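To begin, one chain is listed below as structure tokens, in the form predicted on its own.
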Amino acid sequence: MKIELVVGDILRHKADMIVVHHFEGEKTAGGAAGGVNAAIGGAIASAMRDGDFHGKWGETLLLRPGKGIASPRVLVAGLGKRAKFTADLLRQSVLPVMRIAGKLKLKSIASALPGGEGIEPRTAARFAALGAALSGYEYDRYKSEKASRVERFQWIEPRRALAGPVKAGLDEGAAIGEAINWGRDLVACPPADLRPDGLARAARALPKGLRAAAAGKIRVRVYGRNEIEAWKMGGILAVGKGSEAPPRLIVAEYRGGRPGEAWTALIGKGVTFDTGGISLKKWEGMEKMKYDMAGGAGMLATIRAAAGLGIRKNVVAVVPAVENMPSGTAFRPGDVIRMMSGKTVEVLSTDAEGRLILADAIAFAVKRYRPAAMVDAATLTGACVVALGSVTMGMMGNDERLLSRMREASASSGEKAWELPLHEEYFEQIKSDIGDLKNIGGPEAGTITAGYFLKEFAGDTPWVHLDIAGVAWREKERMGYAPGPTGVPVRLLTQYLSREG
């Protein structure tokens, strides 16, 4: 889908459908909606007067005016209360528009750009374009009848003086949205078609489709079992032992900063399918365990977004890719693993595998890149879903300055993160009697003890952990996403990388 700026009058612009907006509780249609209302004989005002439309959040009114404007359809989209309107709600407001366009099999949409108190035009444009890109996503690779897709989404700006910032914002939002959708395709892919080697092939193709200058700043390396064994990555080797598909370590560099400038490391869990291993999961819902590599897909997508945006940072994504399967060669509860860092881990559950591969990837990033900051993301614990549901990701870290920057990025991007404590007392739960650590800490504070486990491998490097177990997949249409993968935490991380000084 092409996302474009048109400077002009929405009344004269021809598309399959034009979109204007209205805030709840405001008695008269204003802005673009007011102009359209006057041109089509007061139809919007009549609908409001008769109670057919109130402007509530997510509410829509579809009109076929017949004359007065160049386009055959007008959609009025409700934005809710003006005082509560935010840039991220602007993004979410595009989903009902795209749903109606899909049902009507429309190919082109032209929309006014809604504003709100304190939302700059460039910011509004970025979130609007992001909403169009994310709301238009549908994974239909395996469907005989493909989904009807909008081919062109145009945002209409009547003021030529704002064309520059609006165009910049639209380009930014489109670049982020394209990268997120690239990653969503990976998460949605059936597990038989995306095993560790498949994820590695996708990573090698990461620069494809980017501008030559941006693609040239990306370098992808994939390491196999021989290198993983040579580096003594006991966690990755143990988790991958049960599968016939050998593990991979994917390293994607984006060199957007000056030569010699410090790296930011992004570590993503890449379990392409998780049965739980010998500690076998229940069968209900196991088909969704293809999404257990959402953290890895998100980190690779962030590299793509950083290149598309031209972010002036050196960023490296490290993704350990494994398949966690039960077999005669699988690792067992009771095993003790020696990790790349030299620490030993007693395995109590083979279904707590993500922290084992992340720990080796963190140690690798620290040793190889000596990053100034490090962030990991993983669908790590069911406990995080219990604590924060499907709205907010869990966040922990060892550096207050980095945590503060991530909180700011969360607020600005709209991807919600909530900090959980890493008090020293939690370490007692993961101390082992026969090794250095246990890979689970018991029934209490499961998200925190998993984070504390990773903290032991981050050392003195400023580090933040994001548990995305509850937010990486939507069961129902919500918060501007259709059911399926969401692409978190790409929005948060691109915001952080764009602002970090």
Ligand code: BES
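For clarity, every value in this text was computed on a predicted model and none was experimentally measured. Don't overthink the numbering: it's just position in the shown sequence, from 1.
Keep in mind that the form predicted together with this ligand is not shown, yet the notes after this line are about it.
In short, of 165-173, 189-197, 378-386, 403-411 it is 378-386 that has heavy atoms within 4.5 Å of this ligand in the predicted complex. Of the residues given (Ser349, Thr86, Ser327, Thr344), Ser349 alone sits with a heavy atom within 4.5 Å of this ligand in the predicted complex.
Contact annotation: of the candidates Tyr291, Phe331, Trp155, Tyr137, the single residue with a non-hydrogen atom within 4.5 angstroms of this ligand in the predicted complex is Tyr291. Under a 4.5 angstroms non-hydrogen atom cutoff, this ligand in the predicted complex has Ala469 among its neighbouring residues. Residue contact check for Asp274: one or more of its heavy atoms lie within 4.5 Å of this ligand in the predicted complex. Contact check for Arg304: every heavy atom lies farther than 4.5 Å from this ligand in the predicted complex. When this ligand is considered in the predicted complex, Asp360 lies well away from it, no heavy atom lying within 4.5 Å.
Using a 4.5 Å heavy atom cutoff, Lys269, Arg355 and Ile440 all lie near this ligand in the predicted complex. Contacts with this ligand in the predicted complex, taken as any heavy atom within 4.5 Å, map to no residue of 151-176.
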